[in-house]
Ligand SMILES: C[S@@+](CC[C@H](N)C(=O)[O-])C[C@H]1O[C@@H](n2cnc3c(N)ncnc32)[C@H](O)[C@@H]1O
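Just one chain follows, in the form predicted on its own, and it is written as structure tokens.
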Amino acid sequence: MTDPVLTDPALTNPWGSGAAGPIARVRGTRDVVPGLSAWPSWQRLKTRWIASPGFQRWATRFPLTRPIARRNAASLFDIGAGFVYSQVLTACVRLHLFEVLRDGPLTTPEIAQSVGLRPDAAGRLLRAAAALDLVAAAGAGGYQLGTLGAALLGNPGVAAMIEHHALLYADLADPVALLRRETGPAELAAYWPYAGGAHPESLTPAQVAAYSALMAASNGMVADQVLAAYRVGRHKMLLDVGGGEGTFLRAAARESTRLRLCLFDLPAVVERARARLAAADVLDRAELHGGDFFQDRLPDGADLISLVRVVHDHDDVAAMTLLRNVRRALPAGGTVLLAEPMAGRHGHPKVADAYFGFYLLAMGCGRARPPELLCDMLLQAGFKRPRLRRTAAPMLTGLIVARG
């Protein structure tokens, strides 16, 4: 099926045929992918060589190519073994191993007793975790936190996502069937009921509790990245569309004590946000609005509107509807922040194209988009001068700033 956004002339070139724009254009697929006949002959030859079993045997013996062959073999093995590695990490998280080692090294029997495993099973897990730098050996039979285990302790949202991945792994048990849409209802589609529901505004508090809590736990890292790249204190009022339980708003409130806050999300989610904002002692300067951002008019009055990890959850037509609704709510001269994982050279391909590519497939809609395409969509929605801002960790999020 042809992508409607990539082939819509109004989206791919808002200035009309032959006109040039201020940013790189994303045109039809024939422009994005050169014809196969244009592929250099040396590339074809190189591919044939690498695919040859004889060349592989020679490369592992020849001194100059042996290091490359070994690195490639290790990389390929890591891809194939990735699920096992992730399950080792999941076991560590579920057993609270990193919290057990927070205060210093322990012996294997001490760790086994703390996490509720037999010593031989604990030893197996600890050796696997040490191989992945999650823990590190400390003396005879002892273990302490490794570099990655310590980093995970400092980012509790990551642990929440790791536990959540059990649903994704269930959907990926047969990836070909998932690609062919032969698997029936997906676990993730049920977890994110707003993604495919006809009336998301009618969801109950019980239906939104799990995904709202997950987003609240994981959005803190994203909020830090966005607020480090863009100063919100220059604005009077921030409207966070699809703002969940108010994680981004609470972080913005810490950056500027004078900034007024506004949140728009599904009614059941808004009620959860109310409690969070009250606990953060910022509810007195906040407005909360419940509704469907595809159907309902967004509240007026904000000179800054944020879309944090929202657009990529939706297919192209729905995403354009959302962007147009945001543009109608933003006054002339106002600013929109679009923050989410981005595909292409500006992002992190393993995260955007591999991870989110299949995560959103299982969820039932959405995709990670290149920043050039997102800029085109913003222009088509009526925004001006979209620009990609540098973030400290583009693997977590990219950021585009545009004007009303």
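Just count from 1 along the sequence shown to find any residue number. Because the structure is predicted, anything quoted here is derived from the model rather than measured.
The form predicted in complex with the named molecule is left out here; the points below concern that form.
- Shown without its partner, this chain lists R327, R276, H235, R309 as candidates; in the model of the complex, only R309 has a non-hydrogen atom within 4.5 angstroms of the named molecule.
- Note on the partner interface in the model of the complex: the residue among L145, V269, L261, L126 having a heavy atom within 4.5 angstroms of the named molecule is V269.
- In the model of the complex, at least one heavy atom of D313 sits within 4.5 Å of the named molecule.
- Within this chain, G242 lines the site of the named molecule in the model of the complex, having a heavy atom no more than 4.5 Å away.
- When contacts are judged by a 4.5 Å heavy atom cut-off, G291 counts as touching the named molecule in the model of the complex.
- Contact check for L152: every heavy atom lies farther than 4.5 Å from the named molecule in the model of the complex.
- Contact with the named molecule in the model of the complex, defined as any heavy atom within 4.5 Å, is confined among 86 to 94, 133 to 141, 182 to 190, 215 to 223 to 215 to 223.
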